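Here's a solo chain for you in structure tokens, the form predicted on its own.
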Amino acid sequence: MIEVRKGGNPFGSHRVIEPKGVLPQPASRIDNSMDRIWDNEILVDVDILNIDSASFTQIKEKTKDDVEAIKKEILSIVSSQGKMKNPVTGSGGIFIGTVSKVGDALQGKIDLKPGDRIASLVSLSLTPLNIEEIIEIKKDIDQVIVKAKAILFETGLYAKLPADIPPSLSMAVLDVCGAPAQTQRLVKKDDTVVIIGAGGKSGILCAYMAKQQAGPNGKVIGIEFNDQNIAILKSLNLCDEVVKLDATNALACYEMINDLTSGKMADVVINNVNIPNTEMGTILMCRHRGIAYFFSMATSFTKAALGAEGVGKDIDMLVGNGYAVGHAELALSILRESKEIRKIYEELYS
């Protein structure tokens, strides 16, 4: 029998154990008990976790890619914090599950009922999570098959899973759906756009959107270091130029984009990579009064802010907010519009 309580905070602060007075994301520990819920919460039976790329990369490096060690690391994080918040990267991911119960205070306010299949669109770094069992680790696609329960708060974002796209594919795209939505907002007609990590999961979606927004007189330059991703990117014909570059080598990045743009540099630089120390490469590729958009959770905003100042770059630097109105439907629509992208994503993530 599930105990139901009243008076829950819409942002979930009633679940914070320590330190008191903070919200669930920065909290070091939250209440992940599932035998009691508040009447403004949604209880979900979870079957897949999609761990944030920066987080999963760090965990794999720490555990030397050992599956059993990865399982233990994830269980340890959730056990100590009540949520899946990587203590090194601070990031989480999203989940897929089936709605088990909708609190009475939400009845009639939201379009959810028990049995609905949903993907969470808020980070696991703030989501109460209780894992009963880890069934499988899918290392290549950052997904974890689990038997678990989670809570969505009153303000929590979610998307109902579409009938025409497989759940694991939907989850892969929805995990990064903020990136193409922000790209649509940032890129203007005739812009020169540089996308770092353009052959990755979020990078391809950004390249597709950047090409649409910049138009035939714009220019999209894809930067990749992984040879397989370079081959995928070239096959999609989304970029006017595809170059192999180490984004941690700031001077090499500057010299390449300086040559490709005849010194004009990029109007917009979008950073999607999951490794640290790419801040200065991003900054140096951007023109004065241009835009640098950091979607990567590996970004140090201290390095970015002080680094831009240090090289005399007057640019607008934006934090990669994972939420934009309509972002889920926009990202899924790319799979419907582009058979080529869908085919590649099905091979990688389904």
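All values derive from a computational prediction rather than experimental measurement. For every residue, the number given is its place in the sequence shown, counted from 1.
What comes next is about the form predicted in complex with a small molecule, which does not appear here.
- Query: For the spot marked by G203, V273 and A298, is every residue within 4.5 Å of the small molecule in the model of the complex through some heavy atom?
  - Reply: Yes.
- Would you mind picking out the stretch of 151 to 159, 221 to 229, 79 to 87, 108 to 116 that comes within 4.5 angstroms of the small molecule in the model of the complex, counting non-hydrogen atoms? Contact criterion met by 221 to 229 only.
- Message: Within 4.5 Å, heavy atoms only, which of V144, I74, M171, A247 is in contact with the small molecule in the model of the complex?
- Response: Of the listed residues, the single hit is A247.
- Quick one: from A292, A27, L284, A54, grab the residue that has a heavy atom within 4.5 Å of the small molecule in the model of the complex. After the contact test, the surviving option is A54.
- Determine whether any heavy atom of V176 comes within 4.5 Å of a heavy atom of the small molecule in the model of the complex, and answer yes or no. V176: yes, in contact with the small molecule in the model of the complex.
- Message: With a cut-off of 4.5 Å between heavy atoms, is G197 one of the residues that contacts the small molecule in the model of the complex?
- Response: Yes.
- Task: Report whether the minimum heavy atom distance between G320 and the small molecule in the model of the complex is within 4.5 Å.
- Result: Yes, contact at 4.5 Å.
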